[in-house]
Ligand code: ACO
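Here's a solo chain for you in structure tokens, the form predicted on its own.
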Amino acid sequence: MKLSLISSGKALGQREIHNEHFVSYLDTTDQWIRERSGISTRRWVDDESTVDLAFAASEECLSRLPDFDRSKIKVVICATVTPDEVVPAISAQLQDLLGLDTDILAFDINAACSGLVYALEIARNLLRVRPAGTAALVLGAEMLSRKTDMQDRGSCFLFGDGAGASLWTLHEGEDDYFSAKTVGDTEMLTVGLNEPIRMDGRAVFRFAVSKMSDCIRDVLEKADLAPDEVDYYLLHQANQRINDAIMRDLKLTGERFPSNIARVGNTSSASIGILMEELYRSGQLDGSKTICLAGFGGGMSCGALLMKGHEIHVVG
């Protein structure tokens, strides 16, 4: 049995923040930021909460299916490092906001920017032991602007706010392939309960390129595929230079690596879901596509999920 996408949705912070915002008070330039990260703009919340973003993305996902029976949703998983509160979980709040049945398994996970990939692997295994036709709502939702040190010239321009939601079920077919790596490191990238994001940019870059490439090669080997047999690599949108380095490592070209980081910035666990929604909405995903999702994040964690011959159900 393999995962099959039913629908997708996204939400972004209301405010569009251009690089000139940082130029206005830091010793930096638009060119330096773009060369360093590939980012031109990002979206920040105004008065929205993380739950607001999660709900908006999920509602958009489900509203694309006006005839879908929401009682089929038996699993809700939200990946986040920026919940509004410890409890109730975002996923639990979504149960009420979306009008879902109460007999569901709803919980949040924290694997930083690897979160959506990890959540999909968890959902895949949970769906295996539930009745046929059961669906899982999987999302990443982040409000990183509230965790950013706006005086940190090396990182403050990276982060944005948003949520990406997707609805999945299982269908007959060749299993999907998953690989993960974890390196317990408390110094490379941290977000305290009351402290902002701190990271060693060079160390994070080396980890991301090395470990994410390793995870991708692991799933390619398990699936008996060459790198050029994957149609799309949906990578965590952390830094364009990281993704370009992985692309070169796999000896591939840019058309297999869709990107939105220039417009959205780094939205942590939401980034792959937001990117997926854009491809879904534009019709670039279809039943013949083989896709690889790969992310890395604080922990340090890294994961890749490959869907070989991915069957996708596109609903207008």
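Everything quoted here is computed from the prediction, not taken from an experiment. All residue numbers refer to positions in the sequence shown, first residue = 1.
Quick note: we don't show the form predicted in complex with the ligand, though the next part is all about it.
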Practice task
Would you mind picking the one in Leu120, Leu100, Leu127, Leu158 that has a heavy atom within 4.5 Å of the ligand in the model of the complex?
Solution key: Leu158
Problem - Contacting member of Cys78, Leu235, Cys113, Ala135, with respect to the ligand in the model of the complex [4.5 Å, heavy atom] - result: Cys113
Practice task
Report yes if any heavy atom of Arg241 sits within 4.5 Å of a heavy atom of the ligand in the model of the complex; otherwise report no.
Solution key: yes
Handout entry: 4.5 Å heavy atom contact, Thr28 and the ligand in the model of the complex
Key = yes
Exercise for the section: Evaluate Arg202 for contact with the ligand in the model of the complex, applying a 4.5 angstroms cut-off between non-hydrogen atoms, and reply yes or no. Expected result: yes
Problem - is_contact(Trp32, the ligand) in the model of the complex, heavy atom dist at most 4.5 Å - result: yes
Problem - Stretch in contact, per heavy atom within 4.5 angstroms of the ligand in the model of the complex, of 178-186, 225-233, 148-156, 88-96 - result: 148-156
